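Encoded as structure tokens, the following chain is the form predicted alone, with no partner shown.
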Amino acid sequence: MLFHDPLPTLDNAELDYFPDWLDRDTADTWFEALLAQTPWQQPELFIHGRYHRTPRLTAWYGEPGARYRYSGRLHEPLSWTPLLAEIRQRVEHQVGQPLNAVLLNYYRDGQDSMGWHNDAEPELGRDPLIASLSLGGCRRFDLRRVGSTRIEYSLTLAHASLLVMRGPTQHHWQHQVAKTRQACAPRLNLTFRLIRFPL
């Protein structure tokens, strides 16, 4: 049986956190397989007049035509692997809606990170659902209101956990996985979404 961790009530946000969404043996197997099988990339981003390497490794998978623009780049999807198709099916069953793409992020250590952002791109439509599966090392996930610099809430995303963000969350809140000097085991994060209006 799955239990929810108590989450605070945040205005204009709908969050669900399942800390033990997967059994540990399955989570361990998925982690090792995805780490080995994924053709990881580290694209360059053009920010403030300079090119910077993305501070993590990434891969984008999805249905044909599920193109997605984020961090100033247009990403063409790789074809679903049997494992990713299986994971997608399980996540879809949990959230109760179809999902046609997933972004994989590989955080190799505490210096790999994801800066402040919200997933509100036009191709996701109004009130998008983002389902975030964490495998491997724990990392802190921060939330702040759009237009604010103060962290309002932090959550430790654990191995085998699933975080679901839906409703107006992406329009009113930003999130990040910050760098840390603490020792961190490698972590994989799979963020599933529905591309409603492909580019």
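Quick caveat: nothing in here was measured; it's all calculated off a predicted structure. One-based numbering along the sequence shown.
Although it is not shown, the form predicted together with a small molecule is what the next lines describe.
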### Message
in the predicted bound form, does every one of 114, 132 and 175 come within 4.5 Å of the small molecule, counting any heavy atom?
### Response
yes
### Query
Hey, in the predicted bound form, is residue 119 touching the small molecule, heavy atoms inside 4.5 Å?
yes
### Task
Verify the contact flag for residue 164: yes if a non-hydrogen atom of it lies within 4.5 Å of a non-hydrogen atom of the small molecule in the predicted bound form, no if not.
no
### Query
Using heavy atoms and a 4.5 Å limit, would one call residue 61 a contact residue for the small molecule in the predicted bound form?
no
### Query
Can residue 105 be called a contact residue for the small molecule in the predicted bound form at 4.5 Å between heavy atoms?
yes
### Message
Which residue, 57, 143, 66, 157, is the contact with the small molecule in the predicted bound form, using a 4.5 Å heavy atom cutoff?
### Response
157
